[in-house]
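For reference, the chain that follows is the form predicted on its own, supplied as structure tokens.
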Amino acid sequence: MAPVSTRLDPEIEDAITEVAALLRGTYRVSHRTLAILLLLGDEGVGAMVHRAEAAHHSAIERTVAATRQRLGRDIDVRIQRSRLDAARELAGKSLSSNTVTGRSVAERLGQWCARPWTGIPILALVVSVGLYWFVGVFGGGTLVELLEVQLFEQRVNPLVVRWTERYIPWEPIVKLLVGDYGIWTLGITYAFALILPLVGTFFLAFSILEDSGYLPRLALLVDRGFKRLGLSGRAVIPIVLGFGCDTMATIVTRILETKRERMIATFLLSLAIPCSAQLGVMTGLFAGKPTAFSIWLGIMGITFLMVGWLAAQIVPGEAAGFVLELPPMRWPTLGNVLAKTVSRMQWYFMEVVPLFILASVLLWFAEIVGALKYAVAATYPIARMLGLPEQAGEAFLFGFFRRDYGAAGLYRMQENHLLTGNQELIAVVTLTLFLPCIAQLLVMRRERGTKAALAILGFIFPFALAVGTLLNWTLRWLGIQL
């Protein structure tokens, strides 16, 4: 078989040769490979070369910067396309297949998913069936009713409370275990009876989409629109992961090529993307209320697009290129889907459940020392400004500890018939846009820096309250009762 050429176009080859000639150190890969990665802006390779070429690293850095500026923004795309062309050439010389006339159903479906006129309706179908009906109605309605009401509230919790009060004589310890903010009555019950079925159904739906090959086509579908937000189609990966966990998704923004893109993605994750547990509880709140769900979805979509566009105008830096190799569409494999779902559920048990217990302990301690009532009272003006009962302020306070904690508080208020339909919508919209949880805030500070984290918080807090207040006034002015 004849060798496959992996040489790039002459202009880029000259740039690679110029950068490679400046490298003096000994590396595990060739100087040509390092030069390509430096021109692509690989931060890890840049740090390694900086350490190895300390004596004349400034000359290398100037040459790379000048070369990237001379070649333009599409250097990344040109290099990636050359690699893909070489891979196709190699595959063409190495593989053979039986000739099949026509295209398969999977190929047609894959093309439909990536084209706007057919891809957008397919996306709407995925959101309505996968997110609303499966996660919201089935997970947040049927499963939560089975676990929380019929199992925990009616059978398990009364038994645990009775045994605890009978065998533990110390009232503070009884409150720690089965009080209003008890480890069992709040932490364990919320984690297993309320959040678990919602997270489980979301992870299952996400694994099916992932294994089918739909997500890369979604990235291709949104690429043009994302470019108006300062992002590329690649950003769909952390954005979609944000619906699982915004903290994890903030870390995954490292895959984005430019600092500008990483900043915008982090900002949008903090503002407009609810995590799986929060999303599950909120869709559970809207179970059987498609109008309220549609309004909430519309507000979130408009906010995502509007704020993203504004961020793209303000945040400095260059736009990133986007090249994507599409895997084939296929029926999801049951073993793969179950393995991915179980793996994510293990993460939930290992990472999230201990945080629920810790939050219960912190709330119990704050209640014992008397600090909790002052913190909760400080949220009452916010609730009144939004036209909500004062108890709703607790949900916003708890949501800062854990986003899903706040959403679960709203769910409990709905069960006790403390919220009207309009108030449910206002509370859910405000809480979705509200401050990120402590874990996400800490990761955001580590990834983007203290100034960026404070700037993001400084925008989100008043913006969330403004949107919630405006929604309250609008519903009243139009006379809408949900």
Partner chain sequence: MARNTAVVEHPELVRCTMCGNEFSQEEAAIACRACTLVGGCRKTRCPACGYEMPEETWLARWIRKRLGGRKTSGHD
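Positions refer to the first chain, counted from 1. We call the rigid core the largest set of C-alpha positions that still match within 1.5 Å between the two forms. Just so it is clear, the structure is predicted and the values come from calculations on it, not from any experiment.
Keep in mind the form predicted in complex with the partner chain is missing from the figure; the text below concerns it.
Proximity of Arg234 to the partner chain in the model of the complex: non-hydrogen atoms within 4.5 Å are present. Interface residue remark: Trp347 is counted as part of the site for the partner chain in the model of the complex, having a heavy atom within 4.5 Å. Mapping the unseen interface onto this chain, Lys340 counts among the residues with a heavy atom inside 4.5 Å of the partner chain in the model of the complex. Contact annotation: Phe226 falls outside 4.5 Å of the partner chain in the model of the complex, judged by heavy atom distances. Put simply, of Val174, Val353, Ala366, Leu109 only one has a heavy atom within 4.5 Å of the partner chain in the model of the complex, and it is Leu109. Contact with the partner chain in the model of the complex, defined as a heavy atom within 4.5 Å, holds for exactly one of Ile122, Leu397, Leu90, Leu215, namely Leu215. Remark: of stretches 426-434, 53-61, 443-451, 27-35, the one touching the partner chain in the model of the complex is 443-451 (heavy atom within 4.5 Å). Taking the partner chain as positioned in the model of the complex, the residues of 254-271 that bring a heavy atom within 4.5 Å of it are, in sequence order, Arg254, Ile255. The Cα shift for Glu415 between this form and the one not shown, taken after rigid core superposition, is smaller than 2 angstroms.
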